[in-house]
Ligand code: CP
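Read the single chain below, which is given as C-alpha coordinates and is the form predicted alone.
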Amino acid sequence: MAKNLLSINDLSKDEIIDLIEFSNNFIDDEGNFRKEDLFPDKTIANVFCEPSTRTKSSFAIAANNLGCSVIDFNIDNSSIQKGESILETVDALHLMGVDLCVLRHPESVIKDLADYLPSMTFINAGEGSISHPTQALIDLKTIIDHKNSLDGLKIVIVGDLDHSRVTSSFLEGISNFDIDSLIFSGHPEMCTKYQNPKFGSYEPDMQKALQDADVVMTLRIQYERFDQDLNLDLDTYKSSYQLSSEKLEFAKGDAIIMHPGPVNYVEITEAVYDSENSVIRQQVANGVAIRMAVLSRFLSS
(Lines give C-alpha, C1' and ligand atoms only; values in the text may rest on other atoms or scores of the structure.)
Protein backbone atom coordinates (compact mmCIF):
# COMPACT_ATOMS: atom_id res chain seq x y z
CA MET A 1 0.00 0.00 0.00
CA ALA A 2 1.21 3.51 -0.82
CA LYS A 3 2.51 5.68 2.03
CA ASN A 4 -0.12 8.40 1.50
CA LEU A 5 -3.76 8.47 0.39
CA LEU A 6 -3.82 11.38 -2.04
CA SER A 7 -6.22 9.86 -4.55
CA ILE A 8 -8.30 6.71 -4.99
CA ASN A 9 -5.89 5.87 -7.82
CA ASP A 10 -3.28 5.23 -5.10
CA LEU A 11 -5.26 2.09 -4.23
CA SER A 12 -5.59 -1.11 -6.26
CA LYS A 13 -8.97 -2.83 -6.56
CA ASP A 14 -7.87 -5.38 -3.93
CA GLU A 15 -6.79 -2.60 -1.56
CA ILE A 16 -10.17 -0.84 -1.99
CA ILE A 17 -12.02 -4.08 -1.15
CA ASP A 18 -9.64 -4.79 1.72
CA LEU A 19 -10.19 -1.35 3.29
CA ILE A 20 -13.98 -1.69 3.00
CA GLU A 21 -13.94 -5.18 4.57
CA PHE A 22 -11.45 -4.04 7.25
CA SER A 23 -13.75 -1.11 8.16
CA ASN A 24 -16.48 -3.59 9.14
CA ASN A 25 -14.26 -4.72 12.05
CA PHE A 26 -14.70 -1.31 13.68
CA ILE A 27 -18.50 -1.64 13.99
CA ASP A 28 -19.94 -4.00 16.61
CA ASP A 29 -23.14 -6.05 16.36
CA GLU A 30 -25.18 -3.17 17.80
CA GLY A 31 -23.84 -0.78 15.16
CA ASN A 32 -21.55 1.10 17.59
CA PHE A 33 -17.96 2.01 16.79
CA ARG A 34 -15.33 -0.01 18.62
CA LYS A 35 -12.79 1.95 20.66
CA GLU A 36 -9.40 0.31 20.56
CA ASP A 37 -6.23 1.90 21.88
CA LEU A 38 -4.18 0.80 18.86
CA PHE A 39 -2.08 3.93 18.27
CA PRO A 40 -1.55 5.75 21.59
CA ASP A 41 1.87 6.95 20.41
CA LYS A 42 0.59 8.59 17.19
CA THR A 43 -0.37 12.25 16.73
CA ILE A 44 -2.72 13.32 13.95
CA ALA A 45 -3.34 16.89 12.76
CA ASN A 46 -6.71 17.73 11.19
CA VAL A 47 -5.78 20.64 8.90
CA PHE A 48 -8.96 21.94 7.25
CA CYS A 49 -8.56 25.06 5.13
CA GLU A 50 -12.22 24.88 4.05
CA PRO A 51 -15.38 24.39 6.14
CA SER A 52 -16.36 20.82 6.99
CA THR A 53 -18.64 19.09 9.46
CA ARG A 54 -18.88 15.42 8.49
CA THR A 55 -15.37 14.81 7.17
CA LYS A 56 -13.55 16.75 9.87
CA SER A 57 -15.60 15.34 12.75
CA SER A 58 -15.46 11.76 11.52
CA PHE A 59 -11.66 11.88 11.10
CA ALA A 60 -11.35 13.27 14.65
CA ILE A 61 -13.72 10.62 16.09
CA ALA A 62 -11.97 7.86 14.12
CA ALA A 63 -8.54 8.97 15.42
CA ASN A 64 -9.80 9.23 19.01
CA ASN A 65 -11.40 5.78 18.75
CA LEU A 66 -7.97 4.41 17.77
CA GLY A 67 -6.26 6.06 20.74
CA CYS A 68 -4.41 8.74 18.76
CA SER A 69 -3.75 12.28 19.96
CA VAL A 70 -5.63 14.69 17.69
CA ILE A 71 -4.70 18.30 16.94
CA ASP A 72 -7.68 20.25 15.65
CA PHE A 73 -5.97 22.89 13.55
CA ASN A 74 -8.11 26.02 13.28
CA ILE A 75 -7.10 28.06 10.24
CA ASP A 76 -8.87 31.18 11.57
CA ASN A 77 -6.52 31.36 14.57
CA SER A 78 -3.37 30.27 12.74
CA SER A 79 -0.34 31.99 11.23
CA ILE A 80 -1.86 31.35 7.79
CA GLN A 81 -3.85 34.51 8.58
CA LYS A 82 -0.49 36.32 8.84
CA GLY A 83 0.67 35.08 5.44
CA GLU A 84 2.37 31.80 6.36
CA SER A 85 2.17 29.25 3.55
CA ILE A 86 0.44 25.89 4.02
CA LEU A 87 3.82 24.23 3.47
CA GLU A 88 5.43 26.19 6.33
CA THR A 89 2.43 25.45 8.55
CA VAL A 90 2.47 21.70 7.94
CA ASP A 91 6.28 21.61 8.24
CA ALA A 92 5.97 23.25 11.67
CA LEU A 93 3.42 20.61 12.75
CA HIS A 94 5.76 17.91 11.45
CA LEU A 95 8.68 19.32 13.47
CA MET A 96 6.46 19.22 16.58
CA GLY A 97 5.95 15.48 16.14
CA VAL A 98 2.77 15.12 14.08
CA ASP A 99 2.81 11.70 12.37
CA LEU A 100 -0.11 12.06 9.98
CA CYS A 101 -1.79 15.09 8.42
CA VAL A 102 -5.42 14.97 7.30
CA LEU A 103 -5.70 17.87 4.86
CA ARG A 104 -8.57 19.66 3.17
CA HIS A 105 -7.57 22.52 0.89
CA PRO A 106 -9.27 24.51 -1.90
CA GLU A 107 -6.21 24.06 -4.17
CA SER A 108 -4.04 21.16 -5.36
CA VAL A 109 -1.29 21.30 -2.74
CA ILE A 110 -1.26 17.89 -1.10
CA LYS A 111 1.11 16.17 -3.54
CA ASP A 112 3.68 18.96 -3.17
CA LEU A 113 3.43 18.66 0.62
CA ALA A 114 3.85 14.89 0.49
CA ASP A 115 6.91 15.25 -1.77
CA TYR A 116 8.42 17.93 0.50
CA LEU A 117 7.79 16.00 3.75
CA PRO A 118 8.41 12.33 2.85
CA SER A 119 8.59 11.23 6.51
CA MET A 120 5.04 12.43 7.21
CA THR A 121 1.87 10.61 6.10
CA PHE A 122 -0.88 12.54 4.30
CA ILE A 123 -4.56 11.72 3.87
CA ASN A 124 -6.53 13.82 1.38
CA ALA A 125 -9.77 14.98 3.03
CA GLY A 126 -10.97 16.98 0.00
CA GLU A 127 -8.93 18.82 -2.59
CA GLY A 128 -10.57 21.59 -4.60
CA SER A 129 -13.07 20.10 -7.03
CA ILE A 130 -10.58 17.34 -7.85
CA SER A 131 -10.47 14.61 -5.27
CA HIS A 132 -12.03 13.21 -2.07
CA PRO A 133 -10.79 9.61 -1.75
CA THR A 134 -12.24 8.68 1.64
CA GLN A 135 -15.71 9.85 0.53
CA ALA A 136 -15.43 7.50 -2.47
CA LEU A 137 -14.57 4.62 -0.12
CA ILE A 138 -17.59 5.52 2.06
CA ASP A 139 -19.84 5.55 -1.01
CA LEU A 140 -18.52 2.21 -2.29
CA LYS A 141 -18.94 0.66 1.19
CA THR A 142 -22.50 1.97 1.47
CA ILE A 143 -23.42 0.45 -1.91
CA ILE A 144 -21.82 -2.91 -1.01
CA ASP A 145 -23.62 -2.88 2.39
CA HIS A 146 -26.98 -2.69 0.59
CA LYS A 147 -26.33 -4.45 -2.73
CA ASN A 148 -23.67 -7.01 -1.59
CA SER A 149 -21.56 -6.26 -4.66
CA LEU A 150 -20.81 -3.46 -7.08
CA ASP A 151 -20.93 -5.75 -10.10
CA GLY A 152 -23.87 -5.47 -12.50
CA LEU A 153 -25.34 -2.30 -10.99
CA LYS A 154 -26.84 0.65 -12.83
CA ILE A 155 -25.60 3.78 -11.05
CA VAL A 156 -26.86 7.30 -11.72
CA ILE A 157 -25.14 10.49 -10.47
CA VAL A 158 -27.17 13.73 -10.57
CA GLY A 159 -26.25 17.30 -9.70
CA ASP A 160 -23.47 19.87 -10.05
CA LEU A 161 -20.93 17.41 -11.43
CA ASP A 162 -18.43 20.02 -12.66
CA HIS A 163 -17.75 21.23 -9.11
CA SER A 164 -17.85 17.81 -7.47
CA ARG A 165 -14.68 16.21 -6.07
CA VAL A 166 -17.01 13.44 -4.85
CA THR A 167 -17.81 12.51 -8.47
CA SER A 168 -14.19 12.50 -9.64
CA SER A 169 -13.06 10.23 -6.80
CA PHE A 170 -16.10 7.95 -7.08
CA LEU A 171 -15.34 7.58 -10.80
CA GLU A 172 -11.74 6.57 -10.05
CA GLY A 173 -12.98 3.97 -7.56
CA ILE A 174 -15.92 2.50 -9.47
CA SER A 175 -13.88 2.11 -12.68
CA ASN A 176 -12.20 -0.89 -10.98
CA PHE A 177 -15.50 -2.79 -10.87
CA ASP A 178 -17.70 -4.54 -13.42
CA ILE A 179 -20.81 -2.38 -13.10
CA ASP A 180 -23.60 -2.50 -15.68
CA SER A 181 -23.70 1.25 -16.37
CA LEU A 182 -22.85 4.66 -14.98
CA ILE A 183 -25.05 7.55 -16.07
CA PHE A 184 -24.38 11.21 -15.38
CA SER A 185 -27.37 13.53 -15.30
CA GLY A 186 -27.96 17.15 -14.44
CA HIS A 187 -28.33 20.56 -16.02
CA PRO A 188 -25.97 20.78 -19.05
CA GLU A 189 -24.35 23.95 -17.63
CA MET A 190 -23.41 21.99 -14.49
CA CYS A 191 -22.13 18.92 -16.36
CA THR A 192 -19.85 20.34 -19.05
CA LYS A 193 -16.99 17.96 -18.11
CA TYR A 194 -19.24 14.89 -18.22
CA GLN A 195 -21.05 15.19 -21.54
CA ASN A 196 -18.53 13.00 -23.39
CA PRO A 197 -17.02 10.96 -20.54
CA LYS A 198 -14.35 8.27 -21.03
CA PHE A 199 -16.33 6.08 -18.63
CA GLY A 200 -20.13 6.13 -18.40
CA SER A 201 -22.58 8.27 -20.39
CA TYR A 202 -24.47 11.56 -20.02
CA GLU A 203 -28.28 11.78 -20.12
CA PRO A 204 -29.74 15.28 -19.61
CA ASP A 205 -33.29 13.92 -19.20
CA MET A 206 -33.35 12.83 -15.56
CA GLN A 207 -36.35 10.53 -15.93
CA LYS A 208 -34.62 8.61 -18.73
CA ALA A 209 -31.41 8.50 -16.68
CA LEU A 210 -33.24 7.02 -13.67
CA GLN A 211 -34.86 4.20 -15.64
CA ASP A 212 -34.17 0.94 -13.73
CA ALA A 213 -31.42 2.51 -11.60
CA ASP A 214 -30.05 0.50 -8.65
CA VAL A 215 -28.17 3.42 -7.08
CA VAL A 216 -28.92 7.15 -7.32
CA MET A 217 -26.24 9.53 -6.04
CA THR A 218 -27.42 13.11 -5.65
CA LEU A 219 -24.89 15.91 -5.22
CA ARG A 220 -25.13 19.21 -3.40
CA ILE A 221 -26.22 22.26 -5.38
CA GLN A 222 -24.89 25.57 -4.10
CA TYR A 223 -27.61 28.22 -3.99
CA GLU A 224 -25.02 30.93 -4.70
CA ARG A 225 -24.25 29.44 -8.11
CA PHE A 226 -27.81 30.13 -9.27
CA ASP A 227 -27.30 33.81 -8.49
CA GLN A 228 -23.71 34.20 -9.66
CA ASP A 229 -22.81 31.74 -12.43
CA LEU A 230 -25.93 30.26 -13.92
CA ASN A 231 -28.82 31.90 -15.63
CA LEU A 232 -31.20 29.44 -13.98
CA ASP A 233 -34.39 29.77 -12.00
CA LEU A 234 -34.41 27.56 -8.90
CA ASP A 235 -37.98 26.32 -9.38
CA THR A 236 -37.35 25.47 -13.04
CA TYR A 237 -34.21 23.61 -11.99
CA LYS A 238 -36.08 21.64 -9.32
CA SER A 239 -38.83 20.60 -11.73
CA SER A 240 -36.21 19.04 -14.02
CA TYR A 241 -33.50 17.82 -11.64
CA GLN A 242 -34.72 17.57 -8.05
CA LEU A 243 -35.14 13.93 -7.04
CA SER A 244 -38.79 13.70 -6.00
CA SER A 245 -40.92 10.67 -5.07
CA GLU A 246 -42.46 10.88 -8.58
CA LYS A 247 -39.09 10.78 -10.35
CA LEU A 248 -37.90 7.99 -8.04
CA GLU A 249 -40.68 5.80 -9.48
CA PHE A 250 -38.56 5.41 -12.64
CA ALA A 251 -35.76 3.71 -10.66
CA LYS A 252 -35.98 0.15 -9.34
CA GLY A 253 -38.20 -0.32 -6.28
CA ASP A 254 -35.17 -1.24 -4.14
CA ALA A 255 -32.91 1.53 -5.49
CA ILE A 256 -30.79 3.25 -2.84
CA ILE A 257 -30.54 7.05 -2.63
CA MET A 258 -27.21 8.58 -1.63
CA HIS A 259 -25.88 12.08 -0.92
CA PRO A 260 -22.46 13.07 0.51
CA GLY A 261 -24.03 15.92 2.55
CA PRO A 262 -24.80 18.53 3.52
CA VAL A 263 -28.28 18.20 1.97
CA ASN A 264 -30.08 21.46 1.23
CA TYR A 265 -33.23 19.99 -0.41
CA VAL A 266 -32.57 21.47 -3.83
CA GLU A 267 -31.18 18.09 -4.97
CA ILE A 268 -33.80 15.91 -3.30
CA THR A 269 -37.12 16.45 -1.53
CA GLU A 270 -37.49 15.85 2.21
CA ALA A 271 -39.84 12.97 1.40
CA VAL A 272 -37.09 11.19 -0.57
CA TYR A 273 -34.50 11.93 2.14
CA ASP A 274 -36.82 10.32 4.71
CA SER A 275 -37.86 7.41 2.46
CA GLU A 276 -36.93 3.75 2.98
CA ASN A 277 -34.71 4.00 -0.11
CA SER A 278 -32.51 6.66 1.47
CA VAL A 279 -29.16 5.50 2.91
CA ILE A 280 -27.83 9.04 3.42
CA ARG A 281 -27.65 8.77 7.21
CA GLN A 282 -25.80 5.45 6.91
CA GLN A 283 -23.22 7.15 4.68
CA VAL A 284 -22.48 9.55 7.54
CA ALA A 285 -22.03 6.66 10.00
CA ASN A 286 -19.90 4.71 7.52
CA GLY A 287 -17.58 7.72 7.44
CA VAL A 288 -16.24 6.89 10.90
CA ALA A 289 -15.67 3.18 10.13
CA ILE A 290 -13.94 3.88 6.81
CA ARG A 291 -11.73 6.57 8.34
CA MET A 292 -10.79 4.26 11.22
CA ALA A 293 -9.76 1.67 8.61
CA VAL A 294 -7.81 4.23 6.54
CA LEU A 295 -6.01 5.70 9.57
CA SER A 296 -5.15 2.20 10.85
CA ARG A 297 -3.72 1.06 7.54
CA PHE A 298 -1.71 4.22 6.88
CA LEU A 299 -0.43 4.60 10.44
CA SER A 300 0.77 0.96 10.26
CA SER A 301 2.40 1.20 6.84
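Keep in mind that this is a model prediction, so the values were computed, not measured. Numbers for residues come from their place in the sequence shown, where the first is 1.
If you look for the form predicted in complex with phosphoric acid mono(formamide)ester (CP), you will not find it shown, but the lines that follow are about it.
- A single residue from the set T269, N65, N46, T55 has any heavy atom within 4.5 angstroms of phosphoric acid mono(formamide)ester (CP) in the predicted complex; that residue is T55.
- Shown without its partner, this chain lists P40, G253, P51, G31 as candidates; in the predicted complex, only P51 has a non-hydrogen atom within 4.5 angstroms of phosphoric acid mono(formamide)ester (CP).
- At the 4.5 Å threshold, heavy atoms of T167 stay clear of phosphoric acid mono(formamide)ester (CP) in the predicted complex, well away from it.
- Contact check for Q135: a non-hydrogen atom falls within 4.5 Å of phosphoric acid mono(formamide)ester (CP) in the predicted complex.
- Residues placing heavy atoms within 4.5 Å of phosphoric acid mono(formamide)ester (CP) in the predicted complex fall in a single listed stretch, namely 253-261, out of 253-261, 231-239, 271-279, 32-40.
- Along 86-123, a single residue, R104, places a heavy atom within 4.5 Å of phosphoric acid mono(formamide)ester (CP) in the predicted complex.
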